[in-house]
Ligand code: DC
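Just one chain follows, in the form predicted on its own, and it is written as structure tokens.
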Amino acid sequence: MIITLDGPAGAGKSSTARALASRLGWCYMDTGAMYRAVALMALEQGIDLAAAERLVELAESLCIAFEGGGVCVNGRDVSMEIRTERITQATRPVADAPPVRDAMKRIQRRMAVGIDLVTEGRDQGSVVFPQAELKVFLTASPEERARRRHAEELSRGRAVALTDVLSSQAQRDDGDRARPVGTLRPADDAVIIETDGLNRDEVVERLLALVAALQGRKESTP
């Protein structure tokens, strides 16, 4: 069974998806981290970020895995490295290249074969896994999302102003909605969950209820 969680930055996708997968005992896939990993390795290997076909070859050559709550590339833990501002900036051209999106879609589908999976990103339900049994779109107000991202940055020791986070977030949202591929949008049959005023555990409980209802319907179907 596949559960997709899509939504804008700061909506709580990553922490919610990770917690949900843990509660269910399923595998977890952070697709944003996968694009970041490709960008990191491209910079390290001196690959031009505009060279889409080179990036495709690179992506296909990497072994990306999610282990112990972290992200590993070819057995190396890159969890912290891929969250730097340098990699954030480098990820945009990587994720915007149609050939790279196609390659990552193939890779993500291969990783999902034969397992129960919670996967999160921007287009998981709308593009990558249209057959997913449960598609969820998590969202929140811009102010709430910025507040959460600001708290994350402070927890990482990065002194940033909330106003700067809000401005950067607005630019990112506009870019995500205008992308030619991997556009940020809910799947037509996605369940929309507004997370304002909800903590992570409350969101996870809502999702668990949806999963239980879905599993109940499947069991009752002759």
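Just count from 1 along the sequence shown to find any residue number. Nothing here was measured: the structure is a model prediction, and the numbers come from that model.
As for the form predicted in complex with the ligand, it is not shown, yet the points below apply to it.
Is it the case that R185, even though its partner is missing from this view, gets within 4.5 Å of the ligand in the predicted complex, heavy atoms only? Outside the cut-off, so no.
Contact flag, R54 vs the ligand in the predicted complex, heavy atom cut 4.5 Å: No.
So in the predicted complex, does any heavy atom of H150 sit within 4.5 Å of the ligand? No.
Does R106 make contact with the ligand in the predicted complex, using a 4.5 Å heavy atom cut-off? Output for R106 is no: heavy atoms all beyond 4.5 Å of the ligand.
Tell me which stretch of 83-91, 130-138, 67-75, 110-118 has a heavy atom within 4.5 angstroms of the ligand in the predicted complex. Only one stretch passes the 4.5 Å heavy-atom test: 83-91.
Using a 4.5 Å cut on heavy atoms, which of A59, L40, V165, A33 is close to the ligand in the predicted complex? Going through each option in turn, the one that passes is A33.
Three residues, R101, R122 and D176; all within 4.5 Å of the ligand in the predicted complex via heavy atoms? Affirmative, all three are within 4.5 Å.
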